[in-house]
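Only one chain comes next, encoded as structure tokens, the form predicted alone.
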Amino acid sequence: MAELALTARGVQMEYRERHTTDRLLAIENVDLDVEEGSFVSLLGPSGCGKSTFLKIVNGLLLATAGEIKVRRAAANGPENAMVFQDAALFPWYSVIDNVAYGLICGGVPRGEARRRAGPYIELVGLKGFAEKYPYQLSGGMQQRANLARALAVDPPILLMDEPFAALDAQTRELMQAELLRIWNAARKTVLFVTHQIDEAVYLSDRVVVMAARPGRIIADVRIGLPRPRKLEVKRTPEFAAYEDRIWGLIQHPRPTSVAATTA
């Protein structure tokens, strides 16, 4: 078995209303292991706690119960890096300065940070755009720069919260293929949040299906489609079978064990 990049045990998130005694259980007893170098998607209906769980892993939220362990790549290195739906690039920085920003915040001198950012700009397909500014880029190109910024700090695990949701359908498809190319080259562990079944199946080694609130894992589906994958795989019977199965799990969640729904 490969080394684990992330382990979650009994993770729970409960919110309390400020002016009442009401409580909202957003996530309930989530257990999850993510193997190093794997691509795992969290999939489920809106409001099921996918993004909340990702923010707990990232440290933006503190779980009310349970434990999460993330492997560090280096003694002073980050545990993870987050890619949000909004590219959130600094408009007054060029692409290369945006990509170098995390390194500079980590104490790397600006000149060295820019030098180290260069290969990641090329990796995400932005060669020739290093000195351009965000307003000069398309939405897809901005998200490429956002991804390069996350990769540049060399995190052991990359967290992605619906990074293509704001893109048009055609650009989204192309970015999915590009992400697989980049992942194959960088071999980072990826935990990816989406509500698109086809996106999860196409990208992932495993699709972890969550039920509606309170969010809990109801299935862990291993995707047996061979890699590397081209977009054409989405039109195969094998792909459609995975989509149908996962859609059935979301429509009719059952209180069965995760192991019983794994394939």
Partner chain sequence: MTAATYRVISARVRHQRDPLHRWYRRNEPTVLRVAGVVAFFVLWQVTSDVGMIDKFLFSSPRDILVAGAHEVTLPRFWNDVRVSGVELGAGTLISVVIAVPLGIAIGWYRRVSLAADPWLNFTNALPRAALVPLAVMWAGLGMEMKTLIVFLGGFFSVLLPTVDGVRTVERQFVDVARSFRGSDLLILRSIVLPGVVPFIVSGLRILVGRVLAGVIIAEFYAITEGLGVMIYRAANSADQADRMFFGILIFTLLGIVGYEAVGVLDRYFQRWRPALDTEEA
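Please read these numbers as outputs of a predicted model, since none were measured by experiment. Positions refer to the first chain, counted from 1.
Here the subject shifts to the form predicted in complex with its partner chain, a form of this protein not shown in this document.
Heavy atoms within 4.5 Å of its partner chain in the predicted bound form are found in exactly one of 233-241, 52-60, 194-202, 32-40, that being 52-60. This chain is displayed alone, yet in the predicted bound form one of Ala113, Leu89, Leu137, Ala130 has a heavy atom within 4.5 Å of its partner chain; that residue is Leu89. When contacts are judged by a 4.5 Å heavy atom cut-off, Tyr101 counts as touching its partner chain in the predicted bound form. Put simply, Gly106 is close to its partner chain in the predicted bound form: some heavy atom of it is within 4.5 Å. In the predicted bound form, at least one heavy atom of Val153 sits within 4.5 Å of its partner chain.
Leu126 falls outside the set of residues with a heavy atom inside 4.5 Å of its partner chain in the predicted bound form. Within 4.5 Å of its partner chain in the predicted bound form, a heavy atom is found for not a single one of Val95, Arg144 and Trp183.
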